[in-house]
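For reference, the chain that follows is the form predicted on its own, supplied as structure tokens.
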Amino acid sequence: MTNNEYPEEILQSLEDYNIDIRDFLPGHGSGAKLLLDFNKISGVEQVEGIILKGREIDNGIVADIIIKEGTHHEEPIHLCFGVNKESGIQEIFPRIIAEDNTDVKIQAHCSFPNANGLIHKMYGHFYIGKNCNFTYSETHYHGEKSGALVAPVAIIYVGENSTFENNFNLTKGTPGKVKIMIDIYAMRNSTIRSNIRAFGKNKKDSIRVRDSIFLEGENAKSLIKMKAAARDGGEVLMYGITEGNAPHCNGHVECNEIVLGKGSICRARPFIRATDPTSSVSHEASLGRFPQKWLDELQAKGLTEQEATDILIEAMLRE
């Protein structure tokens, strides 16, 4: 496949996240790949040990990804779900199974460069087996018009002795209206790390994220890190939820948000609950602006306050 066979604007948005476009194109690298242009599968590449299938539906796709037992791949599975038109409804149904003793990464990218009334919905189900090491990273680009409504839902089961890392980034372009719900269920001796990054840039942007981890197995551990910024009337609301429901489990929620400009709103609502007396669950949250000392140091180097603030936001969201 060449770039001409897949919308250039969708691929181009990858570069804003320092991701190589070629990694998503069949024929480049050694990883499995699936590219979707609204509801048309534009490219698929299979690799040994990974079953990757997609079924086109009227408004999107049902995608099945199965990592066979014992499979170890250093090269990520690349998924690109794009819509190049302004409006319409896209629905994605990914079903992902990592069988026991697997080690794999997925790099997903959702791009809607011309969104102006576009709706994107995702209903994902993940099953991670025993003794797995699984990383799921997803970047989003919703164009520059604040014209997307994006509502992904993910239910994730993580088996015994497995490590699961979730990374979600919505920091480039304008988000529009975003509602994200993630539920992760952690079994015995599992480790969960979830990192959320988002940036609302004007009064049309509203981002609401509910990231929930339920520690259901003995010695399960988790860490949620949520970082966000709201500028010029943007709104961000972060729910970080952790429940300790098994012996000796340990969880922590950390929220950091920066609010800038008149009318901007940042809210953080950590929610923790323990139902086992030997579990330990904690949280911390901070909202406000950057310390003046940091701004002064950058401005002393010749930057304007706006330029200094932009650098600090970018640094925070990349951390």
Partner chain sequence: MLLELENVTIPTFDKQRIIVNNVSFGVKEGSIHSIIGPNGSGKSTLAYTIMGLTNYKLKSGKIKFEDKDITDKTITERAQLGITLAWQEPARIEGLSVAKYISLGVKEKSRIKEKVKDVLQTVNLEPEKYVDRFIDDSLSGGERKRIELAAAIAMQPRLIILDEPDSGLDVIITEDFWNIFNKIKELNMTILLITHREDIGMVADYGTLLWRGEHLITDEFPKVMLQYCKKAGLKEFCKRALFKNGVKCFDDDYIDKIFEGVDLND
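Numbering follows the first chain given and starts at 1. All values derive from a computational prediction rather than experimental measurement.
Below, we turn to the form predicted together with its partner chain, even though it does not appear here.
By the criterion of a heavy atom within 4.5 Å, E15 is excluded from the residues contacting its partner chain in the model of the complex.
At the 4.5 Å threshold, heavy atoms of E8 stay clear of its partner chain in the model of the complex, well away from it. Mapping the unseen interface onto this chain, W294 counts among the residues with a heavy atom inside 4.5 Å of its partner chain in the model of the complex. In the model of the complex, its partner chain sits within 4.5 Å of a heavy atom of K227. Every member of the trio Q299, T304 and A315 reaches its partner chain in the model of the complex with some non-hydrogen atom inside 4.5 Å.
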